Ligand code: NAP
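Just the one chain here, the form predicted alone, laid out as structure tokens.
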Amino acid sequence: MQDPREAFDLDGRIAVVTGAGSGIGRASAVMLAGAGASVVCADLDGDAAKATAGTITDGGGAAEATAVNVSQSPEVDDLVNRARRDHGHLDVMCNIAGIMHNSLVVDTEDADLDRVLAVNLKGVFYGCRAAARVMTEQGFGSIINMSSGAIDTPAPTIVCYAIAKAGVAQMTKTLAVEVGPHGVRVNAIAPGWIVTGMTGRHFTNPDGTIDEERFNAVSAPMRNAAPLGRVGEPDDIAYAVLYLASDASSFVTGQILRPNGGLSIP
């Protein structure tokens, strides 16, 4: 049996993380680097990606940063191909970049739907396709996609987001079947309610500080509904990313992990 500590060791592995500038993406990039991976931090906000990479290198890890718009397939192809070219291989691809839009179905404009699908669904597709091409050729690799608890628990005003994340879940299963024979694993994570910039828009002041009263009002229903009695932090999801990136999950593919405090139990 492999030493349990070695099973989570990513020393010598190369990981690409989109959406690495903030939230779950940032936490995942730092987590993977902490386990020994060299991380390519990609984000639409190049400065935010650099900040994440700086946090990693300041802590003794290996990282580089690049600005990437995941809604543009040539940019995603270039991201993945450069990682493989510069490092010789690609071990982990984390498709985490995402955006939110709120509107009722009847009020949703075509442009809003297109914008969310371009990032949250097509952007993940582009990352999956580019990584799968590289990984099937090399005969190994782990692709990790970010879905959402919205695929299990309907909520008003997030139709664009929920459609995209449901598509990500099904895409993950389909790709897992296609690339499994080539030694490549594909899984997704469907987080519950996590304290990030995406949820923080409901309780963050203009100066960036947290309004504790608004935070408690917004998060209380989620805490009360979850058997564990709390909401999640980005690191809660980053640990799931680490598991799927590592040899500890070598027999896991086509699955949707649900770190959500028990908020939904399909």
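Residues carry their position along the shown sequence, with the first being 1. Everything numeric here is computed off the predicted structure, so don't read it as measured data.
The same protein has a further form, the form predicted in complex with the named molecule, not shown here; the description that follows concerns it.
- In the model of the complex, the named molecule sits within 4.5 Å of a heavy atom of residue 192.
- Although the partner is absent from this view, residue 45 contacts the named molecule in the model of the complex, with a non-hydrogen atom inside 4.5 angstroms.
- Heavy atoms of residue 97 reach within 4.5 Å of the named molecule in the model of the complex, making it an interface residue.
- Heavy atoms of residue 132 never reach within 4.5 Å of the named molecule in the model of the complex, leaving it off the interface.
- Judged against the named molecule in the model of the complex with a 4.5 angstroms heavy atom cut-off, the residues 116, 153 and 264 are out of contact without exception.
- Of the candidate stretches 175-183, 101-109, 85-93, 161-169, only 161-169 has residues with heavy atoms within 4.5 Å of the named molecule in the model of the complex.
- Here is the short version: of 70, 238, 53, 33, the single residue with a heavy atom within 4.5 Å of the named molecule in the model of the complex is 70.
- Scanning 218, 62, 226, 198 against the named molecule in the model of the complex with a 4.5 Å heavy atom cut-off leaves one residue, 198.
- Residues 19, 21, 22, 23, 24, 25 of 8-42 are found to place at least one heavy atom within 4.5 Å of the named molecule in the model of the complex.
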